[in-house]
Every structure is written in structure tokens, then in C-alpha cells.
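Starting off, we have a lone chain in the form predicted alone, written out as C-alpha cells.
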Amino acid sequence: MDLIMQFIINSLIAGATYTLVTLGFNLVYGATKFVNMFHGVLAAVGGYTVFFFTQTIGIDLWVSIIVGIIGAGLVGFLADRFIFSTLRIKKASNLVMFIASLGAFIVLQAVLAMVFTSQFQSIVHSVDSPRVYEIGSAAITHIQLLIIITALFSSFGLVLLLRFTMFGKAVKAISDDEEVAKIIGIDTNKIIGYVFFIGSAIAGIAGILIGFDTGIQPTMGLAILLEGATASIIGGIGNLYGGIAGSFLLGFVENFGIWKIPSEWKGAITFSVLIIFLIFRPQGIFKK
């Protein structure tokens, strides 16, 4: 029973982590209709920004976290302004947009590796010694608990933003039909730029929390992106609620899947679930 409780806690942590990646990924996909590979490296940008400001310059931790979140958001916003927006104006296909985002991902990942080296870095010791909370014989650290709480608040906040604000209505209009949204007077490029900023900032939060929990390295973005994209497809790509559901489903399947088999099979379990959904329910748990 205690082992099951630890698996449940681990599943919630994994699901919350994937949720933080999926929220921004689905938000951008819903507005632009292309798979944004660049989204993954933004998590690394958030983590390395906090690492640089706290351990190289010595700036206060909370100030560094705010700068890291805003920095990731600005990088995403600038990528849209100078790359993706230009391609949209030229009526580039989704495949071209995908390749462009992959190229931008590789370039920024290389820049991070050149600046910070490709070695694994830890920012855990920048905060107080990890506190561990016990639930029976199961355990969860305060950073892992913070990941779960942050994912819940981020999800709730994004739902409120999209449902009850004019910005949210504009995003929905663009998601339904960008050309019609232009006709009724919505500045689609401006709204999509804001979407990139918000989605990228949430990815930055994910990278910062992952950095506190397990550490950072320049290549971390690819693994984060694959998990987030898989959760998005399982839940329903472009659907906010679907992304959240897919994230926690994937977290539980992965963690309980390695109960009786080696953990090296975790990736195989993830993509087996993805293939099953693509074959039998390609629209995901929730339709867009």
C-alpha cells in the first residue's frame, strides 16, 4: 500500500510537470496550428536564466525567478516576431513553420551549450535545504509539492484568462478562423505574439522548477518537449483541458508501468500509449 502511495505521488509530480509544458504548447498550437518545437528549449532558457543570475551574478533568488520567467516569455515573443510572424505573412505551410521552429530550437540549444557548457548543472543548492514531507512511508519534497501547486494554479489562471477576458475571446476567434478574426478587426499578429509570450513564460516556469528538482542541461528541452507533445496529443492537441488530462494520464501510466519492469522501459511505455491513441483515438481524450 505504501509503495502504491509513492507511485501515486510520483505520478502526480510527473503529470504536473508535463502540464506546465503542455499548457503553453497547446496554447500556441491552438492559435497558430503548427507544432512549435522551439517551445521545448524555452524551459532550458528559464532554468539557465535563474542559474546565471543566482550563481554567477549573485542576484536574489526570487528576483532571478521573475527574470527567468519573463526572459523565457520574451525569447518566445521575439521568436514569433522575427521568425514565425514573418513566415505567417508569407503564407508558409505548417511543415515550413515546423522546420523553422526546429531550426530555432537547435540554434538556441547550441548557444546555451556554448555559454554554459553541455555539462549538467544544479541550481538546487541555491535554495534552502530541501524539506521532505512524509505521507505514510511515501515522501515528497517541497520543490515537488511546489511543482504540483504551480501546475494547478497555472491551469486555473489560464482557464480564467481564456474564458473571461477579451484577450481570451480574441484567442478563441483566431483559433477558430484567423482570416475571419482579421475581418472583424482583431490584430491577429499582436494577439499571437501575446500567446507566444504567455506560453513561453509557462515553459520557463517548468524549466525553473525542473532545475530546482533535478537540475538543468542545454539538451533538457528535447525530452521535456517530447513528453509535453505526447501528453498534448493524448489529451487532444490544442485543447487546454485535454492537455491537462493527457499530462496526468501519461504521468500515471509511466510510473505504474515501471512497477514490475525496469525503468529503462519508461520511454517505450510513453510512446506505446501515444501509438495506441493515434490508432484508436487520434483526436485524443477531448476533441479540439
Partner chain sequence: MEKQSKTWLWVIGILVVVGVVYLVMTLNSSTPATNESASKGENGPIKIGVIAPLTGDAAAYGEPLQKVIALAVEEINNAGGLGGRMFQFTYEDGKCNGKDGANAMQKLVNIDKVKVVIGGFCSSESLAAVPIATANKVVLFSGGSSSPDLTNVSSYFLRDYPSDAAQGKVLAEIAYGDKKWRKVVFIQEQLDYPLGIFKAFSSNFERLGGQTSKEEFTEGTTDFRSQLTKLRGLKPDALFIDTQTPAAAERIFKQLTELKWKVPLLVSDAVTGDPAVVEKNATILEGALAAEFGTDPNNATFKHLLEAYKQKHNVDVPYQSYAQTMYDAVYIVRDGIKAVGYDGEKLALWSRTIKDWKGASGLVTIGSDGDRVSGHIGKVIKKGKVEVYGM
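On a predicted model such as this, the values are computed, not experimentally measured, just so you know. Numbering follows the first chain given and starts at 1.
Absent from the display: the form predicted together with its partner chain. The rest refers to it.
For the three residues Ala16, Gln55 and Thr150, a heavy atom within 4.5 Å of its partner chain turns up in the predicted complex in no case.
Its partner chain is not shown here, and in the predicted complex it never comes within 4.5 Å of any heavy atom of Trp62. Using a 4.5 Å cutoff between non-hydrogen atoms, Leu78 does not count as a contact of its partner chain in the predicted complex. Heavy atoms of Thr49 never reach within 4.5 Å of its partner chain in the predicted complex, leaving it off the interface. In the predicted complex, at least one heavy atom of Ile258 sits within 4.5 Å of its partner chain. Only one segment in the set 151-159, 213-221, 67-75, 199-207 has any non-hydrogen atom within 4.5 angstroms of its partner chain in the predicted complex, and it is 213-221. With contact defined as any non-hydrogen atom lying within 4.5 angstroms of its partner chain in the predicted complex, the stretch 43-62 contains no contacting residue.
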